[in-house]
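One chain is shown next in structure tokens, namely the form predicted on its own.
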Amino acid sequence: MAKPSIAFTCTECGTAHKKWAGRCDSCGAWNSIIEEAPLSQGPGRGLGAAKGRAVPLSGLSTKDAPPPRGHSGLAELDRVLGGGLVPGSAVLVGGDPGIGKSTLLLQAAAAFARGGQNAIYISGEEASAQVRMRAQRLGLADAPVRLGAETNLRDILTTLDQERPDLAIIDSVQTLWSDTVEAAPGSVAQVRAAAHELVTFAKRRGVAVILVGHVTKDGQIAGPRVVEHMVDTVLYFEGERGHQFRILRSVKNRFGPADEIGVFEMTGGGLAEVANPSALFLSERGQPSPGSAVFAGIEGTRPVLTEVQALVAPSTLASPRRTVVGLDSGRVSTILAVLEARCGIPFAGLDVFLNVAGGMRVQEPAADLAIAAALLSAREDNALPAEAVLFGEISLSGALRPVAQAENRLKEAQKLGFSQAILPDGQKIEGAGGMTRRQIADLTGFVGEIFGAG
């Protein structure tokens, strides 16, 4: 019988190695490679050739009711979760340091507890007195939330098993350590073991568990990617420190739509919900000015209007600057190339600055037309119509391509007082009447019709 091979794994990055080494070739960490126990042999080959039990199988059709949901008391959080917290679900929340993750979850725990549910908040980063001080500052000191400060995973699981809460918040998973894993807290092995144990507990006891995760300098949740695969929902809390707006974005959700967003405003009393984010993002928009275009976008199931701002100025540098905030810089470079190649409008020797007002991040390709319009408006020093919104995808040939959910985009724009829409030719629209629609086939036609140039 062949001897099972021994596996060596880096505790920092999770890379598997065939033999032990002092330094990991993938991440460069020293003394991070440990020996892992080999997998057990397959069925029929182990000691005594014992057989496993047969797994019961069932069909796809079901008469079971959808899982019940517990409302957190924060409508924006419930929206991102797909309608509320599902018992037995595991939620992972990530975000930059100081962005407001702990504040949001403490407010959610307080609202959940005030609704008659049993909520436990376990802090591994702060002492109980520090969490109480934050609760007093937020006006949550009277909420019946039970608080604990612990990093030992075994003690936390024992406490949760005895208390049987409806909601358990662990802040954060990187601070936990298990005595069965020979690695430092925060390492890949510890994070993986802690997440596995907590997710298993959530499924076994029917407890909704929310885990807070640190993020790397690239904005991704620190630790192995397997943690995101284990949990049911992954949320990112985004925002710029210079802005008061915070966006809770769902990137994975087994119980609801992904890419849904919830918008909050950071105030002195904590995070306040924003029911109409479009009006908030456009609240500081004054008279029409060159370089400003309003984009009618879709975030999950919610239409959101944002302002794309551009500034084009002569450059004294050999390589002009391209500064992009809130947009994909690669997409912006592609649009600049299409404008030059298909429309004959060069941006060589010009500095280009692009920004999405309010700290919003726009990722969908439907923003291409608004980006091109803002760039052209800034370059030609010609303001776009104040009552117009734009959306449409630009292909490499310069053609404008239709996008999804055009009706919802137009209804949101009409609700906020916009009366004109500039969109691709061939865009199918049902409903949303009352708006003037200017449908254009390609980018060359857009430049000629809107800016009077060709």
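In this text the structure is predicted, and so the values were computed from the model without any measurement. Residue numbers here begin at 1 and follow the sequence given.
The following text describes the form predicted in complex with a small molecule, which does not appear among the structures shown.
Tell me, which of 270, 186, 359, 84 has a heavy atom within 4.5 angstroms of the small molecule in the predicted complex? Only one option qualifies, and that one is 270.
Would you mind picking the one in 164, 321, 203, 137 that has a heavy atom within 4.5 Å of the small molecule in the predicted complex? The residue in contact is 137.
Taking any heavy atom pair closer than or equal to 4.5 Å as contact, tell me whether residue 252 reaches the small molecule in the predicted complex. Contact with the small molecule, no.
Would residue 97 sit within 4.5 Å of the small molecule in the predicted complex, counting heavy atoms only? Yes, residue 97 is a contact residue.
Taking heavy atoms and a 4.5 Å cut-off, does residue 103 contact the small molecule in the predicted complex? Looking in the predicted complex, residue contacts with the small molecule include residue 103, since a heavy atom lies within 4.5 Å.
Taking heavy atoms only, is residue 181 within 4.5 angstroms of the small molecule in the predicted complex? Heavy-atom contact with the small molecule at 4.5 Å: absent for residue 181.
In the predicted complex, segment of 298 to 306, 129 to 137, 328 to 336, 144 to 152 with a heavy atom within 4.5 Å of the small molecule: Heavy-atom contact with the partner occurs in 129 to 137.
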